[in-house]
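Given as structure tokens, the chain that follows is alone and in the form predicted alone.
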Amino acid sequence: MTARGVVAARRQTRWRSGLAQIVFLLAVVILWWLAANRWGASPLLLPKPQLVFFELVDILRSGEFWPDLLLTLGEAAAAFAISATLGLATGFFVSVSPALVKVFEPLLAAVNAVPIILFLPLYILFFGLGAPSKIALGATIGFFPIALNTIAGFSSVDRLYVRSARSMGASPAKLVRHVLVPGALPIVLTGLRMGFTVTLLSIIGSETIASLAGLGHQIVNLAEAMEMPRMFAYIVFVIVIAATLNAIVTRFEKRAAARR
């Protein structure tokens, strides 16, 4: 197949994937409309989508979401910066020694399997109800997929390449830059994307449980006030924000992997 044929095939695949996603979203909206307008679903459980749309338009027009959005995104950015720094450093240093990999990789995987959000009361006890407890929790949850994928990435680099580089006199810095990092990059980038996603979700989730502000806190307040259409509008807003950020991170991951 020619280069043009490959490009055309990739475009066609992306077009089909995009069409399938649009059809899926339309099906969800149609089922929602039927349940709320025709099948007698309680408005307290499932408000009408047209009401949710009007509330969403009002939220966007008023700009009332900005303080909560900036707080949530700020918490997510700070937590991800911490988790990425610690995860990359830990994963790299563990991967240097096969013995360390055998010891720490199972331990990290075991802790990663624990729902750490259960420890939110302890984080609140230490850091309070404000942003620090959300940042600490998000950084903790995001740390493990980043560290595990970093270990897997650097451990997967063919040792033959490493020995060859050393035999040609490559310094440790050049070995890392020209052999280890390019070989580990795809898996490491996947870990960063996963870490970012779970960090963002954990922060929004913790805001719905115990917080003073943020998008999750706003959703809980509306639920307590029984303002269901507006609450659903905020849920839709959060979903769109999370999906957009995930798409941006995924696109960055693909571009970085393609340039390696």
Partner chain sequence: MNVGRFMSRFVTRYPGWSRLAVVVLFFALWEILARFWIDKMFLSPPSRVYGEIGKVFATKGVPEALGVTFFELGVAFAFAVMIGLALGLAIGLNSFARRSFMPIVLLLYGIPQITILPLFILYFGIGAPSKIAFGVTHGVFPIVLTLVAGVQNLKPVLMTSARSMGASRWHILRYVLFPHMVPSLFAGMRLGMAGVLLGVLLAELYVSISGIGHFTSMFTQAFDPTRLLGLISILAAMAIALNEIVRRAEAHFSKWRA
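Numbering follows the first chain given and starts at 1. For clarity, every value in this text was computed on a predicted model and none was experimentally measured. In this text, the rigid core denotes the largest set of C-alpha atoms whose superposition between the two forms falls within 1.5 Å.
One more form of this protein should be noted, the form predicted together with the partner chain, which is absent from this view; the next part is about it.
A heavy atom within 4.5 Å of the partner chain in the predicted complex is found for one listed residue only; from A36, M231, L192, L56, this is M231. Contact check for A77: no non-hydrogen atom falls within 4.5 Å of the partner chain in the predicted complex. Of the heavy atoms in A99, some are within 4.5 Å of the partner chain in the predicted complex. Looking at A242, you'd find a heavy atom of it within 4.5 angstroms of the partner chain in the predicted complex.
A89 falls outside the set of residues with a heavy atom inside 4.5 Å of the partner chain in the predicted complex. Contact with the partner chain, judged by heavy atoms within 4.5 Å in the predicted complex, is confined among 181 to 189, 163 to 171, 124 to 132, 79 to 87 to 124 to 132. Residues of 105 to 128 lying near the partner chain in the predicted complex, listed in sequence order, are P106, L107, A113, V114, P115, I117, L118, F119, P121, L122, I124, L125, F126, the criterion being any heavy atom within 4.5 Å. Relative to the superposed core, I235 undergoes a C-alpha shift smaller than 2 Å between the shown form and the other one. Annotation for L70: C-alpha shift under 2 angstroms between the shown form and the other one, rigid core superposed. Shown in the overlay between the shown form and the other one, fitted on the rigid core, is a CA shift at L46 of 2 Å or greater.
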